[in-house]
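Okay, so here's just one chain, in structure tokens, the form predicted alone.
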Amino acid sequence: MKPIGELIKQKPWIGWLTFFGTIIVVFFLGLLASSIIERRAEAVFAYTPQVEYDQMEPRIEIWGMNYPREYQTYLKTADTTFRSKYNGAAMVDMLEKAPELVILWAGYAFSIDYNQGRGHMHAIDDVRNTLRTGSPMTPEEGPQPGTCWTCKSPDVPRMMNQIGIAEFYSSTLAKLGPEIVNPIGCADCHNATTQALQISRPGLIEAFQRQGKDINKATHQEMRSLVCAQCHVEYYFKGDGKYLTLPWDKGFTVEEMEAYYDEYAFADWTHKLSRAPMIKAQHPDYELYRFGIHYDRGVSCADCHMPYKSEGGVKFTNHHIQSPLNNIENSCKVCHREETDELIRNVYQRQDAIYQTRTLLEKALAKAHIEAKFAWDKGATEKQMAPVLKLIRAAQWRWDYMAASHGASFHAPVESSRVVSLGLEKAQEARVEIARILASLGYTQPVPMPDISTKAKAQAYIGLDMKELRKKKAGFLEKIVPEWIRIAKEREAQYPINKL
């Protein structure tokens, strides 16, 4: 082979080709180096603190000055346009969609108003605006407790720190209203100094302590679910002080929590029609998630609902907390290789099967409550009705356990199917037992069923005066909310921004 110098003398174009090739390579290497330097500088600038605040700072816009990407994505939780087959971010009147729910919650505030939950940015507004707040069905029901605010705002840990945990719970929703003004935000889940994930709600910490576990020893990946579990769990208001408590002392299954409630003879209310002592499930998302394949594989809530995102030179957690079905490319497809349409179809197949059984359970329960009332009216005794009421309580607990959960049929389809199937069995057993009681009382015909085909008809049947309740609510808002806003503005003026 000839030396390169001799080749260039014989063929000068080779030299020119080498020269320009070198220039091009150097040019692109320069661009790459510039891009790396720029992105590193951008990443450093993005997380250089711009303001100073402490752990009790509840305003997300203040935290957002130091973490603009997380803040901007979190603001997207205000978007209510996404709708999947069964759920989504839009406000949906669930009582209008399924009027049987009015019957299931007769005597309880949920029979007045129940809407599908929207994004975190709407947490405060939705509590203020629902007919369930400020319009008690009876004088005996009294005002809603302060405990109702617990999961709605970073103002909550601030107020718990200021007045005490028990005092916060035993206060009233209206009294705390002027202080609870910021929607769910950064301080609920993050340490203000290190930004590490941390638990701000005592209920979860106390539940783990009663199980002999130290939540402070949880791994970072576990914390990416536990910060969600502060609120997305089953809980109840314990005692006269309405102390928020998680019923996990016996375990996480629907039966173990039921045994916990039964041991305390706990009931949220007595059903207006059947007179059964009822349990109102909240949203046992974490409990059901624990029985699913994703939990077994170490997948956290944030992996699916808040997947990582890259922007410029920065990788960060996307704080647009939402259904993975609205972000499949960055959530599901990190692990799954199926096409998007197939993944969605798989989810809907599971949901269709479980919703079908759940709907049958809803209808059976509505009939059971109505038939139980009919039996009481015919002269049934408490001794005769005791086993019926126990069955109705157990059946509805299983139905509500599923209905109140967000995404149960996706998180744990096998467990979800088991729970609703057992609920349907118990509801049918209750109806058979009622038929036997009626037969012993001399009645052998089918129980006449009222027309509950719409929300309005079902509410009229259980004796709700919706016009009067709306009037009470309007008066509540007119009297309370302006005062809330005035006091909130005065308080915020006392906390100026400390720029660095």
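This structure is a prediction, so every number in the text was calculated from the model and none was measured. From 1 onward, residues are counted along the sequence shown.
Same protein, other form: the form predicted in complex with a further copy of the same chain, not shown, and the subject of what follows.
Exactly one of the stretches 210-218, 260-268, 350-358, 224-232 approaches a further copy of the same chain in the predicted bound form with heavy atoms within 4.5 Å, and it is 350-358. Only one of 55, 440, 50, 454 lies close to a further copy of the same chain in the predicted bound form, with a heavy atom inside 4.5 Å, and it is 440. Proximity to a further copy of the same chain in the predicted bound form, defined as a heavy atom within 4.5 Å, holds among 167, 256, 93, 425 only for 425. In the predicted bound form, a further copy of the same chain lies within 4.5 Å of some heavy atom of residue 417. The shortest heavy atom separation between residue 59 and a further copy of the same chain in the predicted bound form exceeds 4.5 Å. Heavy atoms of residue 97 never reach within 4.5 Å of a further copy of the same chain in the predicted bound form, leaving it off the interface. For residue 333, no non-hydrogen atom is located within 4.5 Å of a further copy of the same chain in the predicted bound form, even though that partner is not displayed. Although a further copy of the same chain is omitted here, in the predicted bound form none of 146, 242 and 316 has a heavy atom within 4.5 Å of it. Although a further copy of the same chain is not shown here, in the predicted bound form the stretch 309-348 places heavy atoms of 338, 342, 343, 345, 346 within 4.5 Å of it, in sequence order.
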